[in-house]
Ligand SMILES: Cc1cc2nc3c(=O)[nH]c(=O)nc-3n(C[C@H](O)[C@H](O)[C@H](O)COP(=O)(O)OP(=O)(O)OC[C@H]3O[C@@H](n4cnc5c(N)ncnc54)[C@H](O)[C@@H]3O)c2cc1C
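This document opens with one chain alone, in structure tokens, the form predicted on its own.
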Amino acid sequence: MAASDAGQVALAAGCKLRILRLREGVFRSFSPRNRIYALSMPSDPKVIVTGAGVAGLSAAVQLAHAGVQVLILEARERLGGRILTRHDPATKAAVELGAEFIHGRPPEIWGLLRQHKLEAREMVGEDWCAGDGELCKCDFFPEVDEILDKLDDRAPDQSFLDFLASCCPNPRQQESKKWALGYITGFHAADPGLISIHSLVKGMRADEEIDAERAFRIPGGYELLVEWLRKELLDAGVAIQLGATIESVTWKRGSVEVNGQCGTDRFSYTAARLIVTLPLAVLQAPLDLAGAVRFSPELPAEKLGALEKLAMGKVIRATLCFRERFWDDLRARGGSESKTLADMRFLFSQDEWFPTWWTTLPEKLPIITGWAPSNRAQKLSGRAEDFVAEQAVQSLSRLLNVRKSEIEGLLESVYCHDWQSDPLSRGAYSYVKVGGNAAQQQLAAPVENSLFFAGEATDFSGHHGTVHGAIASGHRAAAEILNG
């Protein structure tokens, strides 16, 4: 079936509202009340983009501004990919189920903020630690920094776990080593026995350039960023088809054919070039799993080798919304601490389920988010949301020394999303395994001037695993096409 014929079939059948053009309102869901208008599919798109996360949207914006005809195919019924914002009805607050923070001042995001005359709010406050039934101000940061400063990319690459075993033999550093291990598993969502110390060094250098130790949030949530990109695409006349599950890509130099399913309808589109923004774990998935895509011919051996040197981190997060900020009146038990937790920003621990928590500061909302990375996420993934919520409440009860029944009595709602069990993501964000120094660049490399690759896992500047890294990768892929 020709691309134009497939477009007409989709328009006439069950996908007619998935070929969309939104004219008004903040993007939240697709229904007639949001004024969805069908947009005819381009008869001959020059570029097809697989995926409407920020990498795909950013690439499409760049290409469209250069006058290139673009078609975006997205398997979900929404835009944004691993950006997923909900709005709590009681507090009216944006609740992020995916990306939440802006790490530092990356130009890819701050440029959009300036363009739309918005200011992100910096997350300020106090960091507390919980352990042995007590709460205290965190004092482990200097010791952890001392350990991380010993990372050296001039020595042979090794896993962080192996590095930790050899770097610090002093018994007095055992507690600091535990916190350092928690940082790597928490911030990078990584298995410490797999993650490359060379990649950690590269990431730390990249973070220094943008002050990434500072954390910001966008008022109203990250969905606003998706909305800005959507409006740019609308103005440029870019077609987006939602609910379009891609099953196969047939390619050769100068030509690609994309086949798949949209509801009960089959589609087939051809173009000169394809930008692949599928998440890393989806690219790695065996062909018999949902969401996997077959490439014919198979991707080159160098690219398949790159996929083996990268891994998808695991995270389960649970956001708890309460009737009141009950922790405002809590005080540290033991020691000489006299402050309350009213200005608590982060709460760190070595809890077996949710070791890290954060609040909504500087906004003092009755909301707190628990973060379960790596092996902890593995234990929670695939379980019912009630089970995840139960473990989150129990964790908070233990760490704050508050009766579980008291927390449950104040709890209004719980928000979570299992990205590991989501067949369109299969994980949170990527990291580099030992020996994978060149893997991201190899994954990003174009193939035969036909296949181009974007997405956070293809960022090789040290900013993989971030929204700004994903945006930058989309800009790169678009530039490769325009300059090719």
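Quick caveat: nothing in here was measured; it's all calculated off a predicted structure. Residues carry their position along the shown sequence, with the first being 1.
As for the form predicted in complex with the named molecule, it is not shown, yet the points below apply to it.
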Counting only non-hydrogen atoms, choose the one of 173 to 181, 275 to 283, 206 to 214, 227 to 235 that falls within 4.5 Å of the named molecule in the model of the complex.
275 to 283
Is every one of 160, 191 and 196 in contact with the named molecule in the model of the complex, taking contact as a heavy atom within 4.5 Å?
no
How about residue 462 - does it come within 4.5 Å of the named molecule in the model of the complex, if we only consider non-hydrogen atoms?
no
Can you check whether residue 103 is within 4.5 Å of the named molecule in the model of the complex, heavy atom basis?
yes
Looking in the model of the complex, any heavy atom of residue 424 within 4.5 Å of the named molecule?
yes
Contact between residue 402 and the named molecule in the model of the complex at 4.5 Å, heavy atoms?
no
Interface residue in the model of the complex among 325, 76, 309, 398, criterion: non-hydrogen atom within 4.5 angstroms of the named molecule
76
Let me know the one among 54, 70, 432, 443 whose heavy atoms come within 4.5 Å of the named molecule in the model of the complex, would you?
54
Can you tell me which residues in 79 to 97 come within 4.5 angstroms of the named molecule in the model of the complex, by heavy atoms?
80, 81, 82, 83, 97
